[in-house]
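Next up: just one chain, as structure tokens, the form predicted alone.
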């Protein structure tokens, strides 16, 4: 279960004071909560590519080299997508006869060769992009929703989202797809992988009529409450079918809450610094809950450093499959953590585009580069760290610290407010260890071909497969590729 822009501070179990997530909190009480779980990138597309490949975005190609340390993703005009050379989790699970379904947002390329059914999934209900719009279908086409390989309509046209009220029935549709798929695989006695990647908490936020106006936290809270209810129904369905003890469930988010959309349409990363788009803790550290009755003991809290990339390796292990040996895999197998309560030493690398921005080893985090967002964006009211200015840390220019990294102790200072003095013994000891790890990491780093460099309006969702049946094909403009601009 991959949430979209949901922050560490959005769940009751992580301290959200309204405690409006009873089902997620119960899931945590019945399983294992991770306090130190990370995404592989502070933006949606690269983190999703990493979850499904077990590899950092710079390895799997989900980054840009158009400018230094820029976040990039897959808007409609992007030419690239997940390369055929990458091996995705569902492709490997097929070797153990798993049936694989994605529900919701794909975001790994919208051109036909990048669709999920060409990369190991057997079924798909959802969209290649997020629910932006509405568009005019002349300058920019409205986004398609797919059932398997054919579009079945478009956002705002056939699948309404009321921009004024936030009302939309999409989460309910995604819930029904999940319940139906689980039931069918149970009836057929088939092992299954369900990738439930809903996007209700990504601005523009939406919720169904039943949940609108029910939260103390406004529209964003309404969306979270509906997600919480849906998770409760899915877990109850597994229990009612008698397959809960056969089913490993993991919930996390693709990146930190989008503070630029707060407070009305954005979540909380408290107590961490900044949010989505940044490699501070608020952009990279995510809520994470593992649930597997009869296998994962209830009521556990793990301080294991985890990553979305670990879900790739861990899932293969639990399915009795080995990891690929012809490529570097960054995810580790968390099954000893989940099943035996162990901890595994490992670093966490924080990348932004083509640059390693920071590294965490133990409780220490070293920043080699700092940058929140540009002065140009900031002057336009775009702020990824609202109300959190820290001199020399939340910089509006790309600040290099490679000769003398900024060092924080995340146990004492999770908000990254107080850099450790460079003359201290603590600094000297921690930096020496971190620099050794970084050196080894960089020796093994072979970047993949960047997929997010080229844009072209001709490749947008003008005429997706299946549009002919619906009389919804649009005429694309002439191809005029350009170098994508990534200001952040």
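Residue numbers count along the first chain shown, from 1. Given the structure is predicted, the values throughout are model-derived calculations rather than measurements.
The same protein has a further form, the form predicted in complex with another copy of the chain, not shown here; the description that follows concerns it.
Q: At 4.5 Å between heavy atoms, only one of the stretches 71 to 79, 332 to 340, 296 to 304, 369 to 377 reaches another copy of the chain in the predicted complex; which one is it?
A: Looking at the other structure, the answer is 296 to 304.
Q: Do residue 131 and another copy of the chain share at least one heavy atom pair within 4.5 Å in the predicted complex?
A: Residue 131: no, not in contact with another copy of the chain in the predicted complex.
Q: Quick check on residue 386: any heavy atom within 4.5 Å of another copy of the chain in the predicted complex?
A: It does: once another copy of the chain is placed as it appears in the predicted complex, residue 386 has a heavy atom within 4.5 Å of it.
Q: Is residue 463 close to another copy of the chain in the predicted complex, meaning a heavy atom pair under 4.5 Å apart or at it?
A: Residue 463: no contact with another copy of the chain in the predicted complex.
Q: With the partner left out here, check for me: in the predicted complex, does some heavy atom of residue 469 sit within 4.5 Å of another copy of the chain?
A: Residue 469: no, not in contact with another copy of the chain in the predicted complex.
Q: Please identify the residue among 216, 187, 113, 85 with any heavy atom within 4.5 Å of another copy of the chain in the predicted complex.
A: That would be 216.
Q: Among 147, 246, 138, 417, which has any heavy atom within 4.5 Å of another copy of the chain in the predicted complex?
A: Answer to the contact question: 417.
Q: Suppose contact means any heavy atom within 4.5 Å; which members of 256 to 275 contact another copy of the chain in the predicted complex?
A: Result: 259, 262, 263, 264, 270, 271, 272.
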